[in-house]
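A lone chain, given as structure tokens: the form predicted alone.
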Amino acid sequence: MPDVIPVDSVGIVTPKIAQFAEPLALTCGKSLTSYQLIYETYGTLNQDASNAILICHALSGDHHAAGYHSMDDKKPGWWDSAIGPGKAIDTNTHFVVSLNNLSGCCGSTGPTSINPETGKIWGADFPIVTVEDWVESQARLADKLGIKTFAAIIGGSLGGMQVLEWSIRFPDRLRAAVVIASAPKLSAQNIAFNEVARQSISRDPDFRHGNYLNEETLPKNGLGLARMLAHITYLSDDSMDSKFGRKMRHDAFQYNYDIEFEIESYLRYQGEAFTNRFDANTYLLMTKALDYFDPAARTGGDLSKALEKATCEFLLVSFTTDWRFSPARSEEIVDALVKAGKKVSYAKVEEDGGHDAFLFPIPRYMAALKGLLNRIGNQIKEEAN
């Protein structure tokens, strides 16, 4: 935490919790009789609630997208570089809502919550949730906040899939959809990465069939390995080479299995740190939601037909060295939108950061995002006058 809060920061923020007593029917056939969503807001909602922006998080994201929870925080929210006064997502103009999705582990109802029917931690009994379920719950949160239509809904990676689903499921409830470093569905390779991660977790002896919290254990080894694997896919070859190369901890090989290369140290650190903040069952659920998402499957495999319902304008952004969700995957969406006759802009950004580039304040990327949101903001002001 800096000694003085930067002028372009949203400052100290306090999470809020929305309680829902109305049952939520899930795609899997089960339902949640009640649930809660934790969220944060930045900026001020205008009189007719027309200036709201929804942020949809990726696999390991949460509600804390910007600002600080206290002066003791070591770092701000995960997208603080984009959200704040004068930033691309300008809180002087817009009211920003960021939540932790259902099945999350940061305060929204999920596998670490208490099952009201048993009085025990949900654990492995928490039902499978899908992107469609998340969007339905997000719409209910919007209702509770008095927001009928979002000025924009924005998401990167898995968050971008939620944005696509919003444009199809609730076409009249958003003016603009911003889909960043995402895909219309997972490739076989991406499903394979997710399955290896799930197997790493479920084969950990401390996983206990997903009931580790009730049995007071934690599958740290399995979850850490899953995170190490995923982290490799988030980086590009160029970025890994420039940051680590073949840098070693010692002047010569040690001829053992301890850490010798700096990249080994980095991955082990990432894996260990992740186990201290994330839940293994949540990781399993999030990866399945990724696997299941495929809106074109509802229209005979025709993505353009699935997107015919959309009425908003779109901004698609991809990054040249992202091989987890390559530019070709964004271009599939762009092509389908063009075929469906929708208004779409597309930016392919040169950047060596790989998939994680969507989290970085890259000038061309931020300019594209700010340009769209400024235009939407001006339209809202003109309509108010």
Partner chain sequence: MRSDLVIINDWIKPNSRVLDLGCGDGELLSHLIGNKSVNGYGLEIDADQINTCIEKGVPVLEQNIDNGLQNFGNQSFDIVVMTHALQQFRRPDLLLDEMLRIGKECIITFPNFGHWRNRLHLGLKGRMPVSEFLPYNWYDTPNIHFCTFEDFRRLCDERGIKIERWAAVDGDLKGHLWTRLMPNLFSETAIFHVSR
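Remember, it's a predicted structure, so these values are computed and weren't measured experimentally. Residue numbers count along the first chain shown, from 1.
Here the subject shifts to the form predicted in complex with its partner chain, a form of this protein not shown in this document.
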Given 351-359, 26-34, 335-343, 55-63, the stretch touching its partner chain in the predicted complex at heavy atoms within 4.5 Å is 335-343
Assert contact residue (its partner chain, in the predicted complex, non-hydrogen atom within 4.5 Å, options Leu225, Leu315, Ala151, Leu284) equals Leu315
inquiry  = Contact with its partner chain in the predicted complex for Ala368, defined as at least one heavy atom pair within 4.5 Å: yes or no?
reply    = yes
- Query: Can any non-hydrogen atom of Arg364 be found within 4.5 angstroms of its partner chain in the predicted complex?
  - Reply: yes
So, Ala347 and its partner chain: in the predicted complex, are they within 4.5 Å at any heavy atom pair?
yes
query: With the partner left out of view, is Val10 within 4.5 angstroms of its partner chain in the predicted complex by any non-hydrogen atom?
result: no
